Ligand SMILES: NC(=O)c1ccc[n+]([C@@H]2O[C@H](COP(=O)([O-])OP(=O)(O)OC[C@H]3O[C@@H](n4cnc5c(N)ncnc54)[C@H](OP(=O)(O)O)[C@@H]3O)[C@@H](O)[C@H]2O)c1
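This document opens with one chain alone, in structure tokens, the form predicted alone.
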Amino acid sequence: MSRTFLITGASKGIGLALAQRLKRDGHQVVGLARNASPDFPGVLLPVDLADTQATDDALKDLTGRFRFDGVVNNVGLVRPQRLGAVELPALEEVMRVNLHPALQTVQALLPGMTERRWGRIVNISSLTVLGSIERTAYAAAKAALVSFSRSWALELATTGITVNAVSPGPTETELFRANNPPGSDGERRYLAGVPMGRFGQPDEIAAAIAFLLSEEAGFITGQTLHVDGGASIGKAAF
């Protein structure tokens, strides 16, 4: 059955890979992102998701035009700072961008999904929730998305709507590579924490998300799926 899914942060990286996968699977995809993308395989509405009113306006427009079956809250913002240098405005900005659009999208789509008694919500978390230097704000925000997922799953357990989180490890997106080029200290540091000894590919993360959006995942809710090459379980024995 063809479904219609909303993806935030959809113009690149994991969001774009997911949109392309869902399109290949026969679904309709609608995206929200700050910048347009010529490669987006559906309707992409440019919006600054840090702007609460603009986000509300965009969601009102889209829910008037589409019958959504689910949402993937993928948009994220990182402001790396060491503990002694964490600034409250930066902390507030990271929390706002990672959390507010997630709540707004779910609240906008919830009435329709509840009425049809079918829906999928997937929040994109991060391996950093298990501890990472210079990620006080980002890890806290991503941990909150895991908490959102568990609380929402309980509230919606009898409605036909499932809520889960996907927690990617280091993933070879364009942004990641720009910050950690081949042969760099950053690349070596990240690889040292992945037992499989390689980075994830955006489409591998997208595959896990797509499964949680599927009909077959209807008995899975309130869970966090780590897609990280084993990084969340420890270091490999060499």
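One rule holds for the numbers: they count along the sequence shown, beginning at 1. As the structure is a computational prediction, the values presented were derived from the model and not from experiment.
The following text describes the form predicted together with the named molecule, which does not appear among the structures shown.
Segment that reaches the named molecule in the predicted complex - one of 81 to 89, 155 to 163, 137 to 145, 105 to 113, heavy atoms within 4.5 Å: Only one stretch qualifies here: 137 to 145.
Touches the named molecule in the predicted complex: Lys12 (any heavy atom, 4.5 Å): Close contact exists here: in the predicted complex, Lys12 approaches the named molecule to within 4.5 Å, heavy atoms only.
The named molecule contact at Gln28 in the predicted complex, heavy atom, 4.5 Å: Although the named molecule is absent here, Gln28 would stay clear of it in the predicted complex, with no heavy atoms inside 4.5 Å.
Exercise: Leu175 in contact with the named molecule in the predicted complex, heavy atom 4.5 Å: Output for Leu175 is yes: heavy atoms within 4.5 Å of the named molecule.
Contact test in the predicted complex: Ala206 vs the named molecule, heavy atoms, 4.5 Å: It does not: once the named molecule is placed as it appears in the predicted complex, Ala206 has no heavy atom within 4.5 Å of it.
Members of 118 to 141 lying within 4.5 angstroms of the named molecule, judged by heavy atom, in the predicted complex: Contacts from 118 to 141: Ile124, Ser125, Ser126, Tyr138.
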